[in-house]
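We begin with a single chain expressed as structure tokens, specifically the form predicted on its own.
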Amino acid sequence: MSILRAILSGDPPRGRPLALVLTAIFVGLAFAPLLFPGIGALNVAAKICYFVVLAASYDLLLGYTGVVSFAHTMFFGIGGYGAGLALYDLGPSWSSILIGTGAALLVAIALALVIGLFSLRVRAIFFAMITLAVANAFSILASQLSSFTGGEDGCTFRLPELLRPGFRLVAGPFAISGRLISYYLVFFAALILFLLMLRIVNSPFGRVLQAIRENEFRAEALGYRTMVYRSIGNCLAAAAAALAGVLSALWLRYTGPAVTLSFDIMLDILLMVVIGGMGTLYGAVIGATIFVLAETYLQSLMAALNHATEGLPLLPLLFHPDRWLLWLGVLFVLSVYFFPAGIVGGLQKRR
């Protein structure tokens, strides 16, 4: 138990209900290829993994630092384009992945630092508007530089042989596919990144970020340079988002504006953080899992309900599959109403 507590940086889930939910999610993702056979289920599990990292990195910025940014998908896209373009231009090798990841991290951190130094001095709403403008400009730039980025169509690339779907590694009676290796690469990388962020928020640096969030003037009076801490927090969140973009590109073998730079993704991760609970990285895990599952399977569930209620008044219209976004909005409203502090906050109160 002490080893687990150390791995979780002295911040284990508070309360048995929360611990059970997180354990179920961890087990489901760790054994997804065995529990949920089929490429569709594996795609969903991999998407949950890299969206957990993306949502947790945004929670590091919003929930722990109190900074509202709309440029987070820009850093996600930088990671995706960094790895994707390196693999496309330099060839499908591990060195290409390392070069692309390193370049993406440098660009993301440099942009986050510049945005932070020039924008974090203004009020929260003005900083949010500045980040929105920068993100839109970056998205337009990526779409227009078609000779370099592939434009609106994006860029498809090949992976090293070990990660290709057609690869087979035979070990006695067992055969391991490249798709399975790719999944566990994404899973373990996401797990390590999440634990590193958990370490950051539970370090003295993380405590200062929370103090700045609660009362910036008091933290400044105590001698902490809030501008410096916020800028570093912004850079750390940008780096984690870029690494989530790298994981997304490696799994999809594709990168483009629709899957990395869309403002819809920004809204999605904001909903994940709010639903799960701001200021607690565990909320990002629960929020990302619920949102991705709802986004993937809610329409199919409504189609089944629509078929089951045929012949009844109004119900088939309400459960029409084309209205799945309406019900997703209803689920979001209900979650905010019954869990105003997020699902994690609600589960902690029930311990």
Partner chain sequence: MSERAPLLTLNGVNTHIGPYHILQGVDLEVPRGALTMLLGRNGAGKTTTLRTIMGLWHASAGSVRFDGADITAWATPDIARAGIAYVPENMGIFADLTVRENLLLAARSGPIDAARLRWIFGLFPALEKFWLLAAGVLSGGQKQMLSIARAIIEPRKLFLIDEPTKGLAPAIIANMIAAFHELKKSSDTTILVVEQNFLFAKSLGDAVAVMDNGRVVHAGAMTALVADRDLQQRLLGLSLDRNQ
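Predicted model, so just to flag it, every value in this text is computed and none were measured. Numbering follows the first chain given and starts at 1.
Keep in mind that the form predicted together with the partner chain is missing from the display, and what follows is about it.
**Q** Taking any heavy atom pair closer than or equal to 4.5 Å as contact, tell me whether Ser93 reaches the partner chain in the predicted bound form.
**A** No - in the predicted bound form, heavy atoms of Ser93 and the partner chain never come within 4.5 Å of each other.
**Q** If we define contact as a non-hydrogen atom of the residue within 4.5 angstroms of the partner, is Ala103 a contact of the partner chain in the predicted bound form?
**A** No, Ala103 is distant from the partner.
**Q** Does any part of Phe217 reach within 4.5 Å of the partner chain in the predicted bound form? Heavy atoms only, please.
**A** Although the partner chain is absent here, Phe217 would touch it in the predicted bound form, with heavy atoms inside 4.5 Å.
**Q** At the 4.5 Å heavy atom threshold, is Ala221 in contact with the partner chain in the predicted bound form?
**A** Output for Ala221 is yes: heavy atoms within 4.5 Å of the partner chain.
**Q** Select from the listed residues Leu85, Val208, Leu185, Leu132 the one whose heavy atoms reach within 4.5 Å of the partner chain in the predicted bound form.
**A** If I apply the 4.5 Å criterion carefully, the residue I get is Val208.
**Q** Since exactly one of Arg253, Arg213, Arg199, Arg164 fits, which has a heavy atom within 4.5 Å of the partner chain in the predicted bound form?
**A** The option sitting close enough to the partner is Arg213.
**Q** Partner absent here, but in the predicted bound form, which of 261-269, 174-182, 155-163, 221-229 has residues with a heavy atom within 4.5 Å of the partner chain?
**A** It is the stretch 221-229.
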